[in-house]
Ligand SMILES: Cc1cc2nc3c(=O)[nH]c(=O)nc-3n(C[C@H](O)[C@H](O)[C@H](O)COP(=O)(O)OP(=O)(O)OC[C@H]3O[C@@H](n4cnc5c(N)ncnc54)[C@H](O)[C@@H]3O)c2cc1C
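Just the one chain here, the form predicted alone, laid out as structure tokens.
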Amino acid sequence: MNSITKLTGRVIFKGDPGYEVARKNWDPHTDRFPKVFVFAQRTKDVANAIRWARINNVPIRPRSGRHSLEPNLSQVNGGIVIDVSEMKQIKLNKKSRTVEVGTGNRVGRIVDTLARQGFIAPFGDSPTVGIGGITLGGGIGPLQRTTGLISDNLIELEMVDAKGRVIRANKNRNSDLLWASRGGGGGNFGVYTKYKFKVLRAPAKATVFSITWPWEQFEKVVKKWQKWAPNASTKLGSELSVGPKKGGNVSMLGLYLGSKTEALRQLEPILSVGTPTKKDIRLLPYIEATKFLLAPDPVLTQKFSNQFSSGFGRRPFPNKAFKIMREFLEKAEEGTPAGFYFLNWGGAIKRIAPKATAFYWRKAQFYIEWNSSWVKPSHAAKNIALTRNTRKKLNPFIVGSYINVPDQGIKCSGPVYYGKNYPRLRRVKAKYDPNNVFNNPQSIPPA
């Protein structure tokens, strides 16, 4: 068998030209030194790479958009990285309102392609995130209260299993794998090659908004936001960010799928808080609105390393939680992208039962994440500790965590990421990957 299983696709071994570029991820501190990168061009290249890895007893890491936020998830020292980023087909079927995409597409490319043809593709906060990873972990973003999570729109998939077999899953065939792929996280069951989503018609125009407040007003603004945003129209998606005390501010970015007049009526409660220093509210053609929300986010020139953590808020924060936020923001490094980020929940997310898909945390009011950032490697330990200690302190005020914003400081992480869906996910894992070939520091072990 050795002689016949060869690596196919664009193959780059350690020491080959292009290895350093292949190794770069969005977050510098996730860099590792794999033995080989296979940039798959088609499903067969993925199958060959898995077979080769099994024969040569080499750990496997799938990679799509290079936005992995923790080490050893999309690369591993001495391993094989099966990079699907060159599998980029997009086939829109307007009649059935579905789109089939290669799992290597970046979100921005899908959003653009569909918007030009009058359809909505859901997105998060970055255009360069790969559709592969974002889908499997759930897929949150400002459109979710209208469209549901990205994974809620997944209706069919193609995946290569640990034996190199191509498996298709939909509601009639391997439906347990489809269930698990809607929020069960990447790197658990196999290497995914294609997704099919249902899509919604896009409005001709949408109202976008960007509001800024002084940092000192963050408590006032966040307090109001946590009561207002989850109860606003489900056509309104709002991202609220609070930067470090040194040099940071409070900013809200989002969209309303409707007129500017209606948007202003919806926004009134939050606009009347504090003294906004900037208000930019405009009605734009839908494609321009998506560009307004998806600011350019280069993958390879990022200079900041980050430690993230995440969770879900069931009710507005008490004063104790604000004290913890303040302590974190006072310690975060100046001039970095560190801080807190909130996204309003509800609407279409809540209409799906927690056990209907692998994504469990549907009953929350809002999503929360925070990250500490640094440039000098010698500052890593201090910043990682800052984020993880903040998690311990915030624990009484949040539930769960989002697998796409992982934190390897979480012990026994399965139930934290997947809630009561964890036991079923372990059974699905046992069926499709009984020998735990696809594993990483927080992957799902077979039952």
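In case it trips you up, residue 1 is the first one in the sequence shown, and so on. Owing to the predicted nature of the structure, the values given are computational and were not obtained by experimental measurement.
Below, we refer to the form predicted in complex with this ligand, which is not included among the displayed structures.
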item	value
Position in contact with this ligand when the complex is considered in the model of the complex, options E100, D161, D297, E262, heavy atoms within 4.5 Å	D297
Listed residue that, although this ligand is not shown, lies within 4.5 Å of it in the model of the complex (heavy atoms), from L73, I211, V111, L255	L73
Heavy atom distance at most 4.5 Å to this ligand in the model of the complex, all of S126, G139 and G186	yes
Contact test in the model of the complex: V84 vs this ligand, heavy atoms, 4.5 Å	yes
This ligand contact at I349 in the model of the complex, heavy atom, 4.5 Å	no
is_contact(V191, this ligand) in the model of the complex, heavy atom dist at most 4.5 Å	yes
P34: touches this ligand in the model of the complex, heavy atom cutoff 4.5 angstroms	no
Partner-facing stretch of 47 to 55, 65 to 73, 379 to 387, 412 to 420, counted where any non-hydrogen atom is within 4.5 angstroms of this ligand in the model of the complex	65 to 73
In the model of the complex: members of 241 to 269 within 4.5 Å of this ligand, any heavy atom	none
